Every structure is written in structure tokens, then in C-alpha cells.
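Below sits a lone chain in C-alpha cells, taken as the form predicted alone.
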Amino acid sequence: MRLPADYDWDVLDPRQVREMVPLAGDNVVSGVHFHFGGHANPQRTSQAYAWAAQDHGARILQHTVVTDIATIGGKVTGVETSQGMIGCDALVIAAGPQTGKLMAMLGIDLPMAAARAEMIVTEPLEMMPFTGVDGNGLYGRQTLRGNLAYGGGPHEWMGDVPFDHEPPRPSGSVTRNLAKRVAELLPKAAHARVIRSWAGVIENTPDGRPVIERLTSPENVTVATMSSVGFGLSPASGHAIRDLVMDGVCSFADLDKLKLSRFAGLRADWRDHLNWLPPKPVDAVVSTAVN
């Protein structure tokens, strides 16, 4: 495990892990305590971003479908929507799993696959001294009420994500997998009932990394697709997008490795190759009773 330089962290033995995380079991081998980082409620944070944008003059149009993107002379001049044409001097395409469809309106291929990611929440448990505990391929935390809230692959792969209506509801297969792995991570919480879950549709690029780039054609378009890591990177990515739109270059990081051109020559059947495909429908079973 590669640990970041210039940050405080400690390697813990099994006893220390169980002292800090009483819900852990005897299966603990070791742990790492990071003296940095944090967590936030994604719904409340997203709402706070929206309110802050409105405070700065932004206008948010919900339930508005994009139908076309108008270009003249190598620049985007407006976006055609279900509420009419919206003119623009600059365009940022950051539409999650629909980013690829919007890029296709400009004749640009952005390889991505949509998938449903889920979170589960258990009934409240006794509070642990440290509430942010990751492992077993999971990310999550214990809330202030004592609930365990956890998520983290595998994903339920999907096909097309429509503009004008919601995708189909989750199948439940990912939820069961999450509950099993939470019980493995925290065996002394294995008895806790799962009381709710939620799901979101996320985008995934073939290499799992974001695409953040200001295009050269059309020259006033910036694309940002976070490849399922958007919430944690949202402050930095928002700063980078601002720089690209206003200044043409990011002021604090080299984004060359995040350019779309890295997918040049990608095999056309990359989704089949990686098995990032929607589950096939189960054939109906017909039973016949004979008296």
C-alpha cells in the first residue's frame, strides 16, 4: 500500500484496530490510521453547491432536456433544450453518465459505460471512537445517529441512460453484496438490519480515471467526467474547470494525463472485453400442471 508523503499516519496492530473500531472482529490483520481527511453528506453538500451557485448568479433549470448543440465557426453558440435555445460564450459538459451522449452531438466519441452504484444504511449501533472506517473494497462511515452507511462496487452495469425519463429501478443484487461485505468488515455489526438503500447512476471511463479537458474543437467547450469519483474530487475539479473556462489552463495541476486523446485507438468492443455489460434478461419460466 502506497501512503501519501507529508501526511500523518500510523500502522495499527489488530489490538489497536479493535480498540478504535469495536465492531471489527478477530479477522483483523492490521490497519492504517490517517490523521487527515473527512466526510460529508453528499445530498446536503450538493444542495449547498447549488445554493452557492445561485447566490453568484447562476440559474438552475431542472427537468430540462438537451436536444442539440449549435456551433458556428468552430465554437458552440448555444444549447437547444426543451425550454428553448440557450445562448452561450462557453460550454461545460459535465452530465455524468449522459456526458458521452452530449459529446456525440459535437461528433466526439467519449468512451464511457453507465453503471448503478448503491449505498446501504443499517439501523443505529453504539457509536465507535472512530467513525470513518474503510476496507474490504468499501467506503463509508458511521453517522451521528449510529447508522452504518456504506457503498463501493461491484456496479450494476447499464445500457443507455435516457435524457427524458428515469432509468429502471435497481435489481437488488448489489445491495445484497454490500451487506455481505459490511458484515465481513465489521463482524460485530453483522446482526444489524439494513433499513434503507439508495442508488445513483455513475459514469465510468475505460481506465477508471476522469476526463477533464478544454477542447481545441470546438474551442470553447470544456468536458468533465469524473468516472465515479466526482464527490471526493468536486472541490478540486470545480477549481480546475473554472481555470480551463476562464484562463484556458489549470493553475494548480497538470491535467494532460486526463485528456480524451488517451483513448485514441481504443478497441471498439472495449465494454465486451472488460465485461462491463448490462445483465441479460432472464428467460421466462413456463410451468405446466397436469392432472
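Bear in mind the structure is a predicted one, so any value in this text is a computation, not a measurement. Numbering starts at 1 and follows the sequence shown.
One more form of this protein exists, namely the form predicted in complex with a small molecule; it is left out here, but the text below deals with it.
Segments offered: 84-92, 114-122, 213-221, 183-191. Contacting the small molecule in the model of the complex at heavy atom distances within 4.5 Å is 114-122.
Although the partner is absent here, Gly31 is not a contact residue: none of its heavy atoms lies within 4.5 angstroms of the small molecule in the model of the complex.
Within 4.5 Å of some heavy atom of the small molecule in the model of the complex lies at least one heavy atom of Phe231. Interface residue remark: Phe130 is not counted as part of the site for the small molecule in the model of the complex, having no heavy atom within 4.5 Å. In the model of the complex, Val65 approaches the small molecule with a heavy atom inside 4.5 Å. This chain lacks the partner; the member of Gln98, Thr205, Thr71, Asn177 within 4.5 angstroms of the small molecule in the model of the complex by a non-hydrogen atom is Gln98.
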